[in-house]
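Before any questions on how it binds or moves, here is one chain, the form predicted on its own, in structure tokens.
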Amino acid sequence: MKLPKLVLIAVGKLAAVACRLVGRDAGNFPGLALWTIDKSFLRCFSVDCPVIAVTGTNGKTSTTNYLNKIFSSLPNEKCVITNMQGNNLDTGIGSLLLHHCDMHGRIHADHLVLEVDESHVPVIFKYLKLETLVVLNFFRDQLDRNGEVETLILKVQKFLEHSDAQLVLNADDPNVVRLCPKGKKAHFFSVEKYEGATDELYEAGEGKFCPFCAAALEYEYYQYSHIGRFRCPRCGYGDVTPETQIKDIDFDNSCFKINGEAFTSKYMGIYHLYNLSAVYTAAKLYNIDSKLINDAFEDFQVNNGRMEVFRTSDAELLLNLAKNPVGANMTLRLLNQYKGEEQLLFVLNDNVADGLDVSWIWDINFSIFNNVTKVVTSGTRAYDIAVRIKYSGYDAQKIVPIPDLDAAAAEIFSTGGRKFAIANYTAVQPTRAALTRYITAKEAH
């Protein structure tokens, strides 16, 4: 027998209080407590505002936080609820709703902007009314948890067949375009061919065949991985006209145009430009002024291990999360956009949340290294990633494996200049902490 809604809400709120009393983060546990009692606990919540969700393999947190920034800047906006820290499963979103609801489960806000794990889209929106879904991309990721990417795509596709949510879809990902149900209009976004695009597949990619007639897809160009301008030669799959396209990309001056309007951004990696194109498309569905969008593009700091900068008196390090080959390859591409010598710190863990199988590192394209004078590897699998980089052809004498993160931070900052750091899921926060400890200690002296 299911517990009454009032009782479940009370239990969840007590769990949140208990977390705070013992100094623990309440981002997931209260929802997990309710899930343990009742798998359908999300039925307890009543939301009276539009719900915008962002899903996909890479870029969810950044895109969601941009949208939160934009909606929060609206003149009459009083309350925007967002899971900014990325607790994106049903338990994390349940914890978020518990924090904002009254004892009857009612949530009053102007907008609810949610990052949602792609496998949990059908689970969460079985109970919450979804107004807009933004789908960024689909890549192979955490196979021991998610299974093959096709499994995830089919889950979302089946859900959308019975959903009336408006869709914002990546026109350059064949795994995403297929999500638009037959006869329904989607709002497609894109990025024009950029200077790093290639004629052949340069990195590991998915979705090489048409999902409708099984013919091999033909590409005009690849932006990165399997993202690019594609078309099925047999049935025409991929013939979509983007509603939004980023053009006139100027990396030197950090600017571009969308539909003829000029924008600037602190973040100009090709994968980040796709995120910005998605943000613009979703924001325009709500008639948001372009100035507010540009203000967010121009000023917002993503941080939290996503394109976060750490500085000493003589060095600058850019840290980015990479939990799959595509994420790592994109940071390496960004590294190559800069001129001059650079050093890399790669932190690899194999905890449960990362996926115990780290064979994905062999799909990272380390052969594109350019002007990298030293690589420091760290984390629970420091030696695995060191061996992988060595086998790419990089000089083994320049690789320094140091499992201890504090020692690794000291090593990467032992010289000045430009640095980059890549850390996978559970490695990000410990890496941030180690870098901060080093910089704080150095400044104290």
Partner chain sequence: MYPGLLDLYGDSGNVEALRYRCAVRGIDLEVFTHELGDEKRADIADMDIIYLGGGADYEQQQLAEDLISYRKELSDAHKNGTFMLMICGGYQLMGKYYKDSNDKKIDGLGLFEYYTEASTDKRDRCIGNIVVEAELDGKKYKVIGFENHGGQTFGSDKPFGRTLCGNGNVRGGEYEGYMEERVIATYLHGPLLSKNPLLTDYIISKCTGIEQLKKLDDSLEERCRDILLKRLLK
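Keep in mind that this is a model prediction, so the values were computed, not measured. Residue numbers count along the first chain shown, from 1.
The discussion below concerns the form predicted together with the partner chain, not included here.
Residue heavy atoms within 4.5 Å of the partner chain in the predicted complex occur in exactly one stretch of 411-419, 379-387, 66-74, 52-60, and that stretch is 379-387.
Not one of 4, 127 and 161 comes within 4.5 Å of the partner chain in the predicted complex, counting any heavy atom. With the partner omitted from this view, the residue of 192, 110, 243, 363 that lies near the partner chain in the predicted complex is 363 [heavy atom within 4.5 Å]. Between the partner chain and the residues 289, 148, 298, 102, the one pair within 4.5 Å by heavy atoms in the predicted complex involves 148. Using a 4.5 Å cutoff between non-hydrogen atoms, residue 308 does not count as a contact of the partner chain in the predicted complex. Using a 4.5 angstroms threshold between heavy atoms, residue 284 stays clear of the partner chain in the predicted complex. Although the partner is absent here, residue 85 lies well away from the partner chain in the predicted complex, with no heavy atom inside 4.5 Å. Interface residue remark: residue 27 is not counted as part of the site for the partner chain in the predicted complex, having no heavy atom within 4.5 Å.
With contact defined as any non-hydrogen atom lying within 4.5 angstroms of the partner chain in the predicted complex, the contacting residues in 344-373 are 350, 356, 357, 359, 362, 363, given in sequence order.
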